[in-house]
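Only one chain is shown below, in structure tokens, and it's the form predicted alone.
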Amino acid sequence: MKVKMLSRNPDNYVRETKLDIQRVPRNYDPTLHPFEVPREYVRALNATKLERVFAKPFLASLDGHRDGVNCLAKHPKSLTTVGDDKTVKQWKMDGPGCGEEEEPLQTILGKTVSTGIDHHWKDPIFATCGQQVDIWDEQRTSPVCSMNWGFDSVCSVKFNPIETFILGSCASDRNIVLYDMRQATPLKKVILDMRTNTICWNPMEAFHFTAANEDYNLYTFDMRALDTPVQVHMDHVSAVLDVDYSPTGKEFVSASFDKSIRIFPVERSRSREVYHTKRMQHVICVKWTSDSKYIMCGSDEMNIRLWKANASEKLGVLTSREKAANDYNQKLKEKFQYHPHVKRIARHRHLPKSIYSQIQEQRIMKESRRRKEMNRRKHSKPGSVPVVSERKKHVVAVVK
């Protein structure tokens, strides 16, 4: 004979101590909770407001330089530097011993002045750029190979972290050139309207890279189809000087001449965050740390500043209840992100007066150009004034 009986586990409803919260079973039937959606909306609104209240991204300012900070680099194993004296020096990462002087491990004398350097992600190889792109072996004093395309100087060179035999460079003649180390020849180049200051490869997407341009925009390209950018990122009001990806490959940070840095999602054209201070001047370089939590930037007034990648993130160890509350609030904000009040609060950022006025001025100029183009198309022969998308406006030509 079978006997049916109820079984209750005390661990599910009995508190361990008197300080714990009472565990109450809940029925999730929606008919029993008719006000669940309005209640969640209020919670999402409050979570969005609290996120903006606790958004304090600035952490520290590292001073010590006697002039503007022009370059930042990150590499776990080696440090390689270039100077205006045509030398390339390799340094050891650990400091000198007691009574020892800091000396480079190796000094290489080049034929031309180098304006940029980048180390291979796996092999003991590094690349320098100046009048040409040189590939060096750490054990040799002469370049393994030299590549050039055109006669203008190359201002930046970067290795692809995934397809490690491919590197990209940008020159002062508005070109972005891709090279293949296996053949020691250039692959292709794209010519833009204005000069590109630097590029950065996506660490998760092998064929994608983002270029920081002088026309206030950033362009994300697929190297297989350079005739049209994948995305145009617009929010800066002055030339973009540097760009760096997060280790996740989902976001990147840009530094601009307008005294601010912005964080862009890869798939969106507008920034999700903007950082600025009263004393920060033109931001020359920016890097995203390898743990994806912090951002470093160097600017003209001799300081290196440290920021949080997520402005409202709490630093330190979180309890399980804090983690659960953060996850719950994040899901609520995602659920109601398109509601007008939540969207307005989440998007609002305080901007300096100079940036705000330049944004208004550029908006008027853009509307004027759009109106002029519409009038020209309206009073011209049908088809004589074609409609050109924003992504194709800035690409002049692709040369293979």
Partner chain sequence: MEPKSDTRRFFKSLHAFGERKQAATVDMARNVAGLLALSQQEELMDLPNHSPLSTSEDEGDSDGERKSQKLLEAVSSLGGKSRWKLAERSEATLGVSEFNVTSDGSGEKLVLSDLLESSTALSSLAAVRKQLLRVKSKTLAIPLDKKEADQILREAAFSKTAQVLSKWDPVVLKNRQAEQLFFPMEKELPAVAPVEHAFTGWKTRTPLEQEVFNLLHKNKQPVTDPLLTPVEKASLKAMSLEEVKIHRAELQKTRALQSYYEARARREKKIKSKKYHKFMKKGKAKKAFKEFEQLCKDDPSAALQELGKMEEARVLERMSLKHQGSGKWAKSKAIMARYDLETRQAMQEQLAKKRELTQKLQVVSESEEEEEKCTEEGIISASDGMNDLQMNAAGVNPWMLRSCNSSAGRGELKTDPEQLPQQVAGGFSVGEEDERPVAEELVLKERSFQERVEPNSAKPMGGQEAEVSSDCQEEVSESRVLLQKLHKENDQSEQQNVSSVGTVLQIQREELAQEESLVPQRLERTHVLEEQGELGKEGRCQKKGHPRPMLKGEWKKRNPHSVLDVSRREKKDQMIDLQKLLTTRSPVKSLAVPTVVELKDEVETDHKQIIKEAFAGDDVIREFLKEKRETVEANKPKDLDLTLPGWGEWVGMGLKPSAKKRRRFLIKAPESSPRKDKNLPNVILNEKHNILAAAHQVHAIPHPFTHHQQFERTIQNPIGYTWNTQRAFQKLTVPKVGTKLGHIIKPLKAENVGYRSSSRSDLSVLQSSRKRLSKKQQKQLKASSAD
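Positions refer to the first chain, counted from 1. Just so we're clear, the structure is a prediction, and the values are computed from it rather than from any experiment.
Below: the form predicted in complex with the partner chain, not depicted.
Using a 4.5 Å cut-off to the partner chain in the predicted complex, not one of K56, M234 and E273 places a heavy atom inside that distance.
Interface residue among L332, V69, I355, A346 relative to the partner chain in the predicted complex, by the heavy atom within 4.5 Å criterion: L332. Taking I304, I108, I125, C285 one by one, only a single residue has any non-hydrogen atom within 4.5 Å of the partner chain in the predicted complex, and it is I125. Among residues of the shown chain, R8 is not one whose heavy atoms approach the partner chain to within 4.5 Å in the predicted complex. In the predicted complex, none of the heavy atoms of A60 sits within 4.5 Å of a heavy atom of the partner chain. At least one heavy atom of D137 is located within 4.5 Å of the partner chain in the predicted complex.
At the 4.5 Å threshold, heavy atoms of K278 stay clear of the partner chain in the predicted complex, well away from it. Comparing 156-164, 234-242, 192-200, 252-260 against the partner chain in the predicted complex, the single stretch with non-hydrogen atoms within 4.5 angstroms of it is 156-164. In the predicted complex, the partner chain lies within 4.5 angstroms of at least one heavy atom of each of the following residues of 14-28: R26, Y28, in sequence order.
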